[in-house]
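The chain below stands alone and is given as structure tokens, in the form predicted alone.
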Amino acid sequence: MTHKFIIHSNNTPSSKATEETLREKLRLAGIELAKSLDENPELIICIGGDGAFLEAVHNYDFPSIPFIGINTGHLGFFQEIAPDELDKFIENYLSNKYSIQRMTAVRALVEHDHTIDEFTALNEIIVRSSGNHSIHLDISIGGGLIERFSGDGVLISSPAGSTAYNYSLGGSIVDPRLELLQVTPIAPMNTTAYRSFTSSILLPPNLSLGINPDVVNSKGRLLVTHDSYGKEYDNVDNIEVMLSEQKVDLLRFDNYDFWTKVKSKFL
């Protein structure tokens, strides 16, 4: 059986050097390289950091084939192997010494101007003002109004995204084997005039989050971001955020453990 991979790399010198070395090692191992999904590859190799990995996920539109990451960036939480482990990676793959970690994405439906935009993100959906001012949002859970949020915005993360911007905002780290939504406030107001949740909210997979902008008291445009991709809106009627049916598969080897990786990256 002939194996066929795709390589996605960012443009840093270390990534390009790693890609060149990898291409030669794959050639010697009899593994072919594909240029697109039309050639039916079985694996996408992403060289870079977490940003390069997310770029690959979106560029290939959440494909059904798995990813493996080679970390030439900084944090590299999604990335599995180091540049000096290429021989071991190829050997383990060809020997079927790996497992698949399935990650659930998050999905947003933005109703505006009599139409609906749909976005899918692996890490998070962020709703905030496009300018430097606070916004007011009516937050609903399962169709029932929970609060009038006032502050810079809200972030809704998947379990996979809990260690990204969500963690920087004070949100909880979530084991990716759990399926839930985490809603984390961004600079919430908590005064006699405005009352907002100041900590994260965890929602089960069967509940969605509704966001209704207060167009009377909020000024300027609304910015909806999915991972690092954003779009501005003038007239948003409603935003609904939920767990997506889209999954992203990551190749993991026998020594992988989520909490060991958390310790090595954050503690």
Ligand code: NAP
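Don't overthink the numbering: it's just position in the shown sequence, from 1. Quick caveat, the model's predicted, so the values are computed rather than measured.
Keep in mind that the form predicted in complex with the named molecule is not shown, yet the notes after this line are about it.
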Item to check | Contact label in the predicted complex: Asn212 to the named molecule, heavy atom within 4.5 Å | outcome: no
Checklist entry - Quick one: is Gly51 in contact with the named molecule in the predicted complex, heavy atoms, 4.5 Å cut-off? => result yes
Checklist entry - Does Ser95 make contact with the named molecule in the predicted complex, using a 4.5 Å heavy atom cut-off? => result no
Next on the checklist: At 4.5 Å between heavy atoms, is Pro185 in contact with the named molecule in the predicted complex?
Outcome noted: no
Next on the checklist: To test your reading of this chain, name the stretch in 24-32, 43-51, 196-204, 238-246 whose heavy atoms come within 4.5 Å of the named molecule in the predicted complex.
Outcome noted: 43-51
Checklist entry - Considering the named molecule in the predicted complex, which of Asn132, Ser99, Ser168, Thr115 comes within 4.5 Å of it through any heavy atom? => result Ser168
Checklist entry - Which of these residues, Val110, Val174, Ala164, Ile139, gets a heavy atom within 4.5 Å of the named molecule in the predicted complex? => result Ala164
Item to check | in the predicted complex: members of 113-143 within 4.5 Å of the named molecule, any heavy atom | outcome: Asn123, Glu124
